[in-house]
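For reference, the chain that follows is the form predicted alone, supplied as structure tokens.
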Amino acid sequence: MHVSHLSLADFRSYARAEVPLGPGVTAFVGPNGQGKTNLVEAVGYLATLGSHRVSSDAPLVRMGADRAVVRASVVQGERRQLIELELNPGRANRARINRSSQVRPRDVLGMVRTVLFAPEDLALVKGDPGERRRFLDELIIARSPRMAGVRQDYDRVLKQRNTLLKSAAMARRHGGRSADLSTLDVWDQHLARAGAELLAQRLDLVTVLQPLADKAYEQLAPGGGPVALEYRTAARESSDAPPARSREELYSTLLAAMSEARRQEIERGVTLVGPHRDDLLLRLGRLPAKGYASHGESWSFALALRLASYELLRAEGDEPVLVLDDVFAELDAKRRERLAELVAPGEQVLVTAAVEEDVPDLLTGARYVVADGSVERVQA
């Protein structure tokens, strides 16, 4: 699978952009701030319905415009499809497939799959748990697009439950009438049901990702490992039950954990257990990577997680598009060479770099110069 053409309208810095693409390596080269990352960000948006740089769609719309459009032609074997996403901040986004009548944006998920390497990936190791939860959930949805709906259901129920708990907490603090908590049991069941599905997927993912991440780290930094991934769930910590694996067991565990935490949740006005509170513990050797790994080790760990994701997706279906956004400039010569060797065989590899020298010689292919809002192909 690869993207054969990318069209942008009022996306980030581009009023209009038409970029032919193809299999193999394509590098976008130009000074910082000229729009290189905007191009690969658009490809990533097609795959995840989100940006790796910002948490909302508003910054993706060019200043002065009220909407942005990302359109891509995708080749999958002998099949060609046209995907279009219209970004409407403050309103519902729209999607089309093959210029047909509108479909839900999440129906596009799975048509393009990407694995994106970016400087922001350092947060996977050094950042807050939310960064690692997002990493897991995006990979889960790439493996099984239907999980986007489960994740949305979980977030919706969590919001409703938190609103109810917040009302109860405020009523207690101000000595007024106590809030009606008669529906809390119902919200508990809904949250536990969606949470158990999400948690089961995360636990399965960590299990299959562990050996792949360890192998990738050894390829990037021979002798520097081993690395280990451990899923930490707040539900298990608040319950005496043994670790649960099946969805029904996880459902029961989450319900029990919410019951145990209810008094504290009412006092604080927030849901304290569930997948939204969990973390992925990353170990390098015997120590947690966060706080102990050097800068180079942290980079290698983050890259290993992305490489493991790529190997997993490739083994389970169409090979994803590899996106390397200004990554090589962050690496020393040895890691740069090893990473280039590992990604060069990819069906489609998109690279951004500030200068030509940052693109390893091994990654030969199409070149574009990005400057002053234009994207120009360099003729070989």
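This is a predicted model, so every value here is computed, not measured. Note that residue numbering follows the sequence shown and begins at 1.
Although not depicted, the form predicted together with a small molecule is the subject of the following passage.
J.: Using a 4.5 Å heavy atom cut-off, state whether Q34 contacts the small molecule in the model of the complex.
T.: Contact check for Q34: yes, within 4.5 Å of the small molecule in the model of the complex.
J.: Applying a 4.5 Å heavy atom distance criterion, does D326 contact the small molecule in the model of the complex?
T.: Heavy-atom contact with the small molecule at 4.5 Å: present for D326.
J.: Does L49 reach the small molecule in the model of the complex if we count a contact as any heavy atom within 4.5 Å?
T.: L49: no contact with the small molecule in the model of the complex.
J.: Residue-level question: is V61 within 4.5 Å of the small molecule in the model of the complex, judged on heavy atoms?
T.: V61: contacts the small molecule in the model of the complex.
J.: Using heavy atoms only and a 4.5 Å cut-off, determine which of R67, R314, R336, R53 is in contact with the small molecule in the model of the complex.
T.: For this set of options, the contacting one is R53.
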